[in-house]
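Only one chain is included here, represented as structure tokens and corresponding to the form predicted on its own.
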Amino acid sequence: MIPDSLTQGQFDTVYNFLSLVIASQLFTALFMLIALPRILPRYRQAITVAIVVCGIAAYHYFRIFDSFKASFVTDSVGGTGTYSQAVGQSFNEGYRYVDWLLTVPLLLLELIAVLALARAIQKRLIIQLIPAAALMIILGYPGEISTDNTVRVVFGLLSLIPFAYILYVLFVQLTKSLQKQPSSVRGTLSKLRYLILVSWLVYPLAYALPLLSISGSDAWVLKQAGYSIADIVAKAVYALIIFSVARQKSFEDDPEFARREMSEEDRVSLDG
């Protein structure tokens, strides 16, 4: 439930977290775009998807940011004091679900693409994971916008079914594929699944706050901060790890490419 008013500190907290997410997503995408030639072509699809994910997230956070500023206003001189909901305006939480509907399936596609598995295995993983990810977000939205706790519980439980299935594929079926990865990245890829799990758990926890009778402006601000941190970890940090894996695998696949890249890094270091 969106609060009727926010204190100056609460307003600033949400404002700054939204700003932090925009900067994180935008400049992570910019970095990976510039660094795309620093990996072999076979891994560039994964990084291109990561760029798209961060770009989509940055766009939606611009929209969330604008919605937030329009929804809470103050008449205090200098913009200090209590911020109340503006007449005719409402904070649009739907932007987050549109963002997740697009980016969550793509996050899983990043992981599949960087593994560079046989085409048949990739196709099977895509069929297993992508529809389940979209279904998880679609089922969660009716509960998020409902003020009826029964509706919230029903759709929350329904959305947990594809969530559990995704975890099963990541932690059971995908384990066999990880054994085919170079030893230098196997551990990172294995831990990446736990990063997905931990960052994604923030969303159902925030979803459950009204069911635990945790409400009011403090709870709402905490939810916005939690969503923001989770989105930074699940998209920007995740993308940088995917890039690191792609770069290491590029070195493993082509020693000559690795030698050229190392020489370039040494030259830049000396010039600096």
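Because the structure is predicted, anything quoted here is derived from the model rather than measured. Each residue number is its position in the shown sequence, starting from 1.
Missing here is the form predicted in complex with another copy of the chain; even so, the following discussion is about that form.
- Figure note: of the listed segments 193-201, 148-156, 127-135, 84-92, the one touching another copy of the chain in the model of the complex, with heavy atoms no more than 4.5 Å away, is 84-92.
- With the partner removed from view, the residue among Val49, Ala206, Ile241, Ala230 that has a non-hydrogen atom within 4.5 Å of another copy of the chain in the model of the complex turns out to be Val49.
- The contact with another copy of the chain in the model of the complex, taken as any heavy atom within 4.5 Å, belongs to Leu102 out of Leu167, Leu178, Leu160, Leu102.
- Contact check for Val172: no non-hydrogen atom falls within 4.5 Å of another copy of the chain in the model of the complex.
- Shown alone here, Ser217 lies farther than 4.5 Å from another copy of the chain in the model of the complex, counting heavy atoms only.
- Under a 4.5 angstroms non-hydrogen atom cutoff, another copy of the chain in the model of the complex lacks Ala234 among its neighbouring residues.
- At a distance threshold of 4.5 angstroms between non-hydrogen atoms, Ile56 is in contact with another copy of the chain in the model of the complex.
- Annotation for 102-138: interface residues with another copy of the chain in the model of the complex are Leu102, Ala116, Leu117, Ala118, Arg119, Gln122 [heavy atom within 4.5 Å].
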